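Quick heads-up: it's one chain on its own, the form predicted on its own, in structure tokens.
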């Protein structure tokens, strides 16, 4: 009598997914993040959500009602619309700046660790110098220095595409934030990637590929980069909250998103200025912002545990 073996092996990614799904906090955080992204990017498209910049001086600082679920601000603007639009900008800045940091840090760290020697030493000393600079101050200076070129680029886009400035300017106006935060947010990632690359370049499969005559670019892309994905994905997931906090800090001091557009940082600033007379103006954006950051951290921790082979239990 023959018996069939129904036990099938699973890949590293399948095993990591199973461990991630067993982490209830991470699963709930992931569901919350999906709902938050869909709410910020899809709900504002519905006709029931008013224009976030439309003022109504007859409905200043009203409480929650059927017409305005989260009330209105000091200019009579709908708070739900402003929170959703502000979340769209905050999430967009967080993910876009993280993508810039991901590309720069991965490339720089791989090249530094793979080349080694004096080149590696010089590249890491450059990272140390950038680490010594005050991050917020450098971001402010860099953002202000590229603000005028971005404004000229916005005018060029409007002139040659025929699109309205009101629809183009809010998005293109975020480019200085993307570049400024992302251009300096890659330093820690570069160190992580460089350390992992130093280990991977001495592995047998890399040495075998090198002995077969494969080029350095092929080795980096086919053998080293795939094995760096686990720590890189974990770090980028945990970096999004920090970048969103940086954007909120810049917006809070008036160097981020420009009025009348809003992010969660600008809404928190406006609410802090009027918290004694209208505390809900601070409560709602702060609640959305804190819950999103908490969910991102929970999801990042769960992803780290899932992708770490040492956390697997027999």
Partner chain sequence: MMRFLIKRVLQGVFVIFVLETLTFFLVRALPGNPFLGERKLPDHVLEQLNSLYGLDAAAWEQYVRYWKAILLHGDFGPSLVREGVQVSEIIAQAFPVSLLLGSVAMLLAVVVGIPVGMFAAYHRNRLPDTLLMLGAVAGICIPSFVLAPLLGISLGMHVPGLSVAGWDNPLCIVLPSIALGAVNAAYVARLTRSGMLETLSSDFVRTARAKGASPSRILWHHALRSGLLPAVAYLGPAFAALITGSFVVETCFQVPGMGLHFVNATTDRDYFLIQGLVLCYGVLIVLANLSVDILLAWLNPRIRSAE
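The structure displayed is predicted, hence computed values, not measured ones. Numbering follows the first chain given and starts at 1.
Just so you know, the form predicted together with the partner chain exists too; it's not on screen, but the next bit is about it.
This chain appears without its partner; in the predicted bound form, the one residue of 40, 33, 70, 282 with a heavy atom within 4.5 Å of the partner chain is 282. In the predicted bound form, residue 14 stays away from the partner chain, with no heavy atom inside 4.5 Å. Mapping the unseen interface onto this chain, residue 290 counts among the residues with a heavy atom inside 4.5 Å of the partner chain in the predicted bound form. Proximity of residue 122 to the partner chain in the predicted bound form falls within the 4.5 Å heavy atom cutoff. Residue 21 falls outside the set of residues with a heavy atom inside 4.5 Å of the partner chain in the predicted bound form. Between 204-212, 180-188, 139-147, 85-93, the stretch whose residues reach within 4.5 angstroms of the partner chain in the predicted bound form through a non-hydrogen atom is 139-147.
Of all the residues from 271-304, those having a non-hydrogen atom no more than 4.5 Å from the partner chain in the predicted bound form are 272, 275, 276, 282, 286, 289, 290, 293, 294, 297, 298, 301.
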